[in-house]
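Before any questions on how it binds or moves, here is one chain, the form predicted on its own, in structure tokens.
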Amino acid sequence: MVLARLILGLLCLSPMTGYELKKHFDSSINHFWNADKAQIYRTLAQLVDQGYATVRTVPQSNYPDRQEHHITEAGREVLNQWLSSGAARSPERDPFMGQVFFAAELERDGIEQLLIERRQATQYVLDDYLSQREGIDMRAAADRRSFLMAATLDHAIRQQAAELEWLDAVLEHLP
């Protein structure tokens, strides 16, 4: 359901093809949600079947016709209901935390390797998010939409920075 609502939100920005939606997922909301191409196209088809989106074929010369998706009024209503429904927390599932929880079964070197690899991966993600933020200052955002979009990226950056701090503390105090 969340994926469908996120797609409706993106369609509120402008009509898009499935390909364009995938590009938006990869470039603007990947710090809090990801979806592969098949999931996006399958969900788009469901949204059309439910009457929450329509498809308009846009002819193009030298290229295949574009299948442009538009949000309907019913889709806007469903999106607004979801946005107004309150902040639901999903139970966290983090395989890495499971590994850390039981890592005492490993030798100290193995535990350090596990933590160092996670630290490297986290630093890579943080660097990616920081590069996305270049030139974006949420305090100087032109409108509410831009501010809130920038705020979600800021949240992801802070999460990654906090994880790095935690990993450093675990590595420093590991018995």
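Residue numbers run from 1 along the displayed sequence. As the structure is a computational prediction, the values presented were derived from the model and not from experiment.
This next part talks about the form predicted in complex with the DNA, which is not shown.
S.K.: Is every one of 121, 124 and 166 in contact with the DNA in the predicted bound form, taking contact as a heavy atom within 4.5 Å?
M.R.: The answer is no; none of 121, 124 and 166 reaches the DNA.
S.K.: Looking at 142-150, 124-132, 66-74, 111-119, which lies within 4.5 angstroms of the DNA in the predicted bound form, counting heavy atoms?
M.R.: Checking each option against the 4.5 Å cut-off leaves 66-74.
S.K.: Although the partner isn't part of this model, could you tell me whether residue 23 comes within 4.5 Å of the DNA in the predicted bound form, counting any heavy atom of the residue?
M.R.: Yes, residue 23 sits close enough to the DNA in the predicted bound form that at least one of its heavy atoms falls within 4.5 Å.
S.K.: I'd like to check something about residue 27: if you look in the predicted bound form, is any of its heavy atoms closer than or equal to 4.5 Å to a heavy atom of the DNA?
M.R.: Heavy-atom contact with the DNA at 4.5 Å: absent for residue 27.
S.K.: Answer with yes or no whether residue 89 is in contact with the DNA in the predicted bound form, where contact means some heavy atom within 4.5 Å.
M.R.: Residue 89: no, not in contact with the DNA in the predicted bound form.
S.K.: Would residue 33 sit within 4.5 Å of the DNA in the predicted bound form, counting heavy atoms only?
M.R.: Output for residue 33 is yes: heavy atoms within 4.5 Å of the DNA.
S.K.: Just to make sure I understand: among 40-66, which residues lie within 4.5 Å of the DNA in the predicted bound form, judging by heavy atoms?
M.R.: Heavy-atom contacts to the DNA in the predicted bound form: 41, 42, 46, 60, 62, 63, 64, 65, 66.
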